[in-house]
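The chain below stands alone, shown as structure tokens; this is the form predicted alone.
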Amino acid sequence: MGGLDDDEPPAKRLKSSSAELRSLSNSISLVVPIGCSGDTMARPLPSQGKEDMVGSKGVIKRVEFVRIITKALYSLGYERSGAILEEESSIPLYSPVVNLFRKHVLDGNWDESLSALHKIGLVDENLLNSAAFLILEQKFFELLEMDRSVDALSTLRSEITPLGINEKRVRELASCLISPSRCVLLGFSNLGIDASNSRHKLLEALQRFLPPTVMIPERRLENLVEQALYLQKESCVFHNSLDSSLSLYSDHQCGKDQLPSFTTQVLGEHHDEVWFLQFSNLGKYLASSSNDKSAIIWEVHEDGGLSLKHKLVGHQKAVSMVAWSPDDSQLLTCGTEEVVRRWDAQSGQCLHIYEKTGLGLTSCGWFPDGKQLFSGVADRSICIWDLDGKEMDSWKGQRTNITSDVAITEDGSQIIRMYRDNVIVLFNKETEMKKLIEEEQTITSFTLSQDNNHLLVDLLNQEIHLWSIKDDPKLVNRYKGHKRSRYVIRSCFGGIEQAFIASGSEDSQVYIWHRKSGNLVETLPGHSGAVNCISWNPSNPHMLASASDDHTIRIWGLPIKKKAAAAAAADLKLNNGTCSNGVIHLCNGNSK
């Protein structure tokens, strides 16, 4: 079939009394310098030996661990528990200087806030001025809110401007004196109603200028736990669960039962080799094309079963490719060096035929707006059409092989196509810049990822390469094990967050790799001929389809109970393996 020759292609704190704070403020004279790296606090911490480490591996500092837990308790509103932990552990969440600073900010004592800020001892003057700018900006807006425009102007002139930073923001603040409504545009409004919340947000903003040892970042414990859960999920080579929640009670680990490794249906309506298939964008339909000169639209039901919706006939040659419109309402089919037909997916009616006199078309696809389409041409150019068949443009380039795959990013800005036998060009229509992906082997096909950041490239030497194309093209992984010597074998992304790579193979099996690690995680036997193309349902990570030279399409899903499988097999035998709509259920499939 479609042979390819080898040479082709998150709080409030317990408040101290006012007298205590005044006494503290008057007594603080020692300034402890803090570098921008945040390696010390405004108050010395105890020395750390082995007894100051926690955890089985001895890498967690007790002081840091307790302070982060304390921070989490206050953030969750458990103020009494947080205060008890500080007292019992003798490990304060904040130093006296920082407690004073936070108190003044939350009370709106701006001059005192600035004084306390300087006593924290930031060494980097730029960080100090940036933090001071935020405090004075809050003071400015609150003065405006109290209709104290003269005082606000004085603050702008004599305190904010001399800092010499963020001149654009200074001009924006000045405009608020003329038109107070601009305060809303700048993100400040109704401060008198919600000054407390605004000041808490100010403290969060000030966080980025202070070392984490001085003020622990908000939601730090939550972030650490989330990172741990995410890393566990990323390292699980079988993770393909629809349940996005992960438990803290045990380490995360999935089994192979999350992969679509069981044949749930065999679709047998085609009468010759099945060369290509593709699920629709919403996963409600599957389209297939065959050497029998037909294409079929299959409907995917809620129970996971598929049934024949339309058989599309009219091509005079084998149908090599299909392509769904962005809204799934229409389907393109391309005959082998013949014509491209556009079909209505609901009625099965042919809406238009696209052709070039004397030249056959070799591939087809849609622009993201669904108003234009493209096709590869036998003279190795790419033709762009409007829906009515008017030729809008033609890209001739330097394509020298028969591979005519084209992909267009979702925003329509970048066109990806073959350039030479072993080179793919990424052309930015807006900047007219070109980036090249250069392989050592002939490229036989490629597929763009759902996020438009990666390209999966099938090669003549039985390898599949994963390229990052977000910035400059970079090879990030290789997948091996499948067999290819004579035919175009197509691969695809799939599963939850497209965490897997699947490919057909000439040894009649489906191969599945874990995308990040590159590990081969499953091989699926069942076909009796070369598996030419794979498509993973974009809406159902537990449904995979494979097209084969054995004239069938296999639908793969999660393993079912043995009893149900046996009942289905008995029913299959009773009905001689066929149904009136061309669907064969569980015919000689993988039943492991």
Partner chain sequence: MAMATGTTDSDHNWQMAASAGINTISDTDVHNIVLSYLMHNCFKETAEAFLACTGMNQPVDYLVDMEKRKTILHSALEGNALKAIELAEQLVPNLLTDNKDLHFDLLSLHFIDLIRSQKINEALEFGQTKLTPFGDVHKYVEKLEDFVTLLAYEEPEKSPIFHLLSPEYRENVADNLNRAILAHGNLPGYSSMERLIQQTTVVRHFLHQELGKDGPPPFSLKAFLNN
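Between two forms, the rigid core is defined as the largest C-alpha subset superposing within 1.5 Å. Numbering follows the first chain given and starts at 1. Keep in mind it's a predicted model, so treat the numbers as computed, not measured.
This next part talks about the form predicted in complex with the partner chain, which is not shown.
Inset, instruction - Look up in the predicted bound form whether D411 has a non-hydrogen atom within 4.5 angstroms of the partner chain, and give yes or no. - result: It does not: once the partner chain is placed as it appears in the predicted bound form, D411 has no heavy atom within 4.5 Å of it.
Inset, instruction - Answer yes if any heavy atom of I496 is within 4.5 Å of a heavy atom of the partner chain in the predicted bound form; otherwise answer no. - result: Contact check for I496: no, nothing within 4.5 Å of the partner chain in the predicted bound form.
Inset, instruction - May I ask you to check whether C350 falls inside a 4.5 Å heavy atom distance of the partner chain in the predicted bound form? - result: Because no heavy atom of C350 falls inside 4.5 Å of the partner chain in the predicted bound form, the answer is no.
Inset, instruction - Considering only heavy atoms, tell me if V150 and the partner chain come within 4.5 Å of each other in the predicted bound form. - result: Yes, V150 lies within 4.5 Å of the partner chain in the predicted bound form.
Inset, instruction - Mind telling me which stretch in 516 to 524, 218 to 226, 81 to 89, 160 to 168 gets its heavy atoms within 4.5 Å of the partner chain in the predicted bound form? - result: Single hit among the candidates: 160 to 168.
Legend entry - Contact check for L231, S235 and C254 against the partner chain in the predicted bound form, heavy atom at 4.5 Å: Not a single listed residue reaches the partner chain in the predicted bound form, so no.
Inset, instruction - Could you tell me which one of L246, V339, L106, L156 places a heavy atom within 4.5 Å of the partner chain in the predicted bound form? - result: By the 4.5 Å heavy-atom cutoff, the listed residue in contact is L156.
Legend entry - Contact residue in the predicted bound form, chosen from L177, L455, L136, L306 - any heavy atom within 4.5 Å of the partner chain: Partner contact (heavy atom, 4.5 Å) among the options: L177.
Inset, instruction - Indicate whether F133 shows a C-alpha shift of 2 Å or more between the shown form and the other one, with the rigid core used for the fit. - result: Passes the 2 Å threshold, so yes.
Legend entry - I165: Cα shift of 2 Å or greater between the shown form and the other one (core-aligned): For I165, whose C-alpha is compared between the shown form and the other one after core superposition, the shift is 2 Å or more.
Legend entry - Core-superposed C-alpha of L143 shifting 2 Å or more between the shown form and the other one: Yes; L143 is a residue whose C-alpha shifts (by 2 Å or more) between the shown form and the other one when the cores are overlaid.
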